[in-house]
Structures are given as C-alpha cells and as structure tokens.
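The chain below stands alone and is given in structure tokens; this is the form predicted alone.
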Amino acid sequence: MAKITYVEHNGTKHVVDVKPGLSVMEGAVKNNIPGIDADCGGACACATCHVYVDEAWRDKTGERSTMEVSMLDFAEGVKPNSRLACQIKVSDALDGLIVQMPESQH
C-alpha cells in the first residue's frame, strides 16, 4: 500500500492507504475524499479529478498524455503541476505522494 495525502483547497489533509495498481482518483473515491468527483469514472473524459501534484513528486508521477493535456483545458486554475488523478497509477514508488485539490473543486 502507498500512503497518499490528499489536501483539500482549505488545507484539510486526508492520509489514506491506496493499493498499487489503482489510480490516485480511485484511491480518493474509495476513501470518500471531498474535492475529487470523478464524474467520468476515470476515463480521462472530464476534469473533475484535477489535482496539483506536490513539486517533490512531479517526476515520479510521469508525464501527461496528450489526452490528459486536452482534458486539462477544461479545468480551472491549471498550473504546471496540474494532473488528472485518474491518470496517475499508484505504485510503491508513490508512497508519500501529496496532491492538492484546486479551490474550484470544493
């Protein structure tokens, strides 16, 4: 299991164990983390799982796909460290990952 910290826009932290192989979005949904709606169910067809990846973890979460970049065009407050949580696969290497939800997703 990888411990992932989800930080709401107001600073409230939720630290949960997420099984490797799941996405960061699935970990949030399974643990009722507010701010990640996942309207498309993880199909990279919406931007309701938009998160900011902590700078220390950007390299470990991989590059954005072309489809992910296209979907982020629909998100508010996109930054260089913006990702769709459905596109980040959890592995043991992501133990300690920190992601923050944008204010627009509360």
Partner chain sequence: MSDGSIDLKAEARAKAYAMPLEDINLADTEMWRTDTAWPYFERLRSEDPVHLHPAHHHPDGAFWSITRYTDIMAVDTNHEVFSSEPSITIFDPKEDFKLPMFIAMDPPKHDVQRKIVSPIVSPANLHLMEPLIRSRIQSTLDSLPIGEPFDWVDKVSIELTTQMLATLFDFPWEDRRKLTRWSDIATAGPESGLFVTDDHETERRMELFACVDYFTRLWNERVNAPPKGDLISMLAHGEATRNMDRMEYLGNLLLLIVGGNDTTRNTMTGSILAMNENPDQLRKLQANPDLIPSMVSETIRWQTPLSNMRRTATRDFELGGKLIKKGDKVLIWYASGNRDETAIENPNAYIIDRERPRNHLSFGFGIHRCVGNRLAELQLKILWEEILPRFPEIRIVEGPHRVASVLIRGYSSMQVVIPVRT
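Fair warning: this is a prediction, and the values are worked out from it, not measured in the lab. Positions refer to the first chain, counted from 1.
Below: the form predicted in complex with the partner chain, not depicted.
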Task: Exercise: residue 5 in contact with the partner chain in the predicted complex, heavy atom 4.5 Å - done: no
Open item on the list: I'd like to check something about residue 41: if you look in the predicted complex, is any of its heavy atoms closer than or equal to 4.5 Å to a heavy atom of the partner chain?
Closed with: yes
Task: Partner contact for residue 81 in the predicted complex: the partner chain, 4.5 angstroms, heavy atom - done: no
Open item on the list: With a cut-off of 4.5 Å between heavy atoms, is residue 48 one of the residues that contacts the partner chain in the predicted complex?
Closed with: yes
Open item on the list: For a quick test of understanding: in the predicted complex, does each of 22, 57 and 63 have a heavy atom within 4.5 Å of the partner chain?
Closed with: no
Open item on the list: Need the contact residues for 43-76: heavy atom within 4.5 Å of the partner chain in the predicted complex, sequence order, or none if there are none.
Closed with: 43, 45, 46, 48, 67, 70, 71, 73, 74, 76
